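Shown here is one chain on its own, the form predicted alone, set out as structure tokens.
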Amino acid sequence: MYGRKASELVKEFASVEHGQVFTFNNDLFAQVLEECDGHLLHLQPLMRKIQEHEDKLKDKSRSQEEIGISEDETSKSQDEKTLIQNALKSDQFGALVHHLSLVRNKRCLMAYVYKRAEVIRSLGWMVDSVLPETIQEKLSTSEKEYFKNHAATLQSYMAELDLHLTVDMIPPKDPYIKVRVLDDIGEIALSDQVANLARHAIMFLRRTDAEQYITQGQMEELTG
């Protein structure tokens, strides 16, 4: 059935929790594109046949007006016109089916890409410029490039304003938080110190320094 695979793409992102990143379905996406190519291959010859049928009908109408023909010839010509008209309608309906299926697939593909782009853009406000590996492996190559360009634009805008727009809108009660390091990050120059962020280390860091590592899954905030 035409459009079934495209509808599966839409159902896929509709079933995911809002804002959640899900793995790009390369196989299903490629199948929908392949179906679109098939519709186009069917549509092009049908449009040529429709044009040929219309030209034949015009020629016959013109011939009947310009040349006097007998009653038998008129009946025969009318039968031929009926056959052409029936063929024309058949090809028109066939072309309409392929055209509408093509448009529907296109809308589903665009919805799928746009929905994912919305989530990717939102990530730019939660991480700096590097996505966690667990998220990167869920994105297509073009989506990774899209995030890279979006993040670079956002960073450039914040640098121009000299204002960090990705921090919490509500000021924290304490600028320092207690964190546990989950990966061996190494020696890092932070805003107020140079720290060796070794795995399992527990330390107090500025919230603004720790946020990017927490978002990337390399640290966790300890509360209580």
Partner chain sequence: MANYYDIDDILAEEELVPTVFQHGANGVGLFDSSDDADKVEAGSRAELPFWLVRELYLRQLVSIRVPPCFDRESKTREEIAADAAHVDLRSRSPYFYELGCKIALLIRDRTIGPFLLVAFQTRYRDVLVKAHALTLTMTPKYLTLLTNEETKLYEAGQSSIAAFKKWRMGGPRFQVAPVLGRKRKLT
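Bear in mind the structure is a predicted one, so any value in this text is a computation, not a measurement. For the two forms, the rigid core is made up of the largest set of C-alpha atoms that agree within 1.5 Å on superposition. Residue numbers count along the first chain shown, from 1.
There is also a form predicted together with the partner chain; it is not shown, and the following applies to it.
Under a 4.5 angstroms non-hydrogen atom cutoff, the partner chain in the model of the complex has L100 among its neighbouring residues.
Residue contact with the partner chain in the model of the complex: T23 places no heavy atom within 4.5 Å of it. Taking non-hydrogen atoms only, L96 approaches the partner chain to within 4.5 angstroms in the model of the complex. Within this chain, H42 lines the site of the partner chain in the model of the complex, having a heavy atom no more than 4.5 Å away. Interface residue among R48, R62, R199, H164 relative to the partner chain in the model of the complex, by the heavy atom within 4.5 Å criterion: R199. Candidate site formed by A117, A195 and M203: none of these residues places a non-hydrogen atom within 4.5 angstroms of the partner chain in the model of the complex. Residues with any non-hydrogen atom within 4.5 angstroms of the partner chain in the model of the complex fall in just one of 23-31, 54-62, 178-186, 152-160: 178-186.
With the core held fixed between this form and the one not shown, Y213 has its Cα displaced by at least 2 Å.
Superposition of the core reveals a Cα shift of 2 Å or more for A201 between this form and the one not shown.
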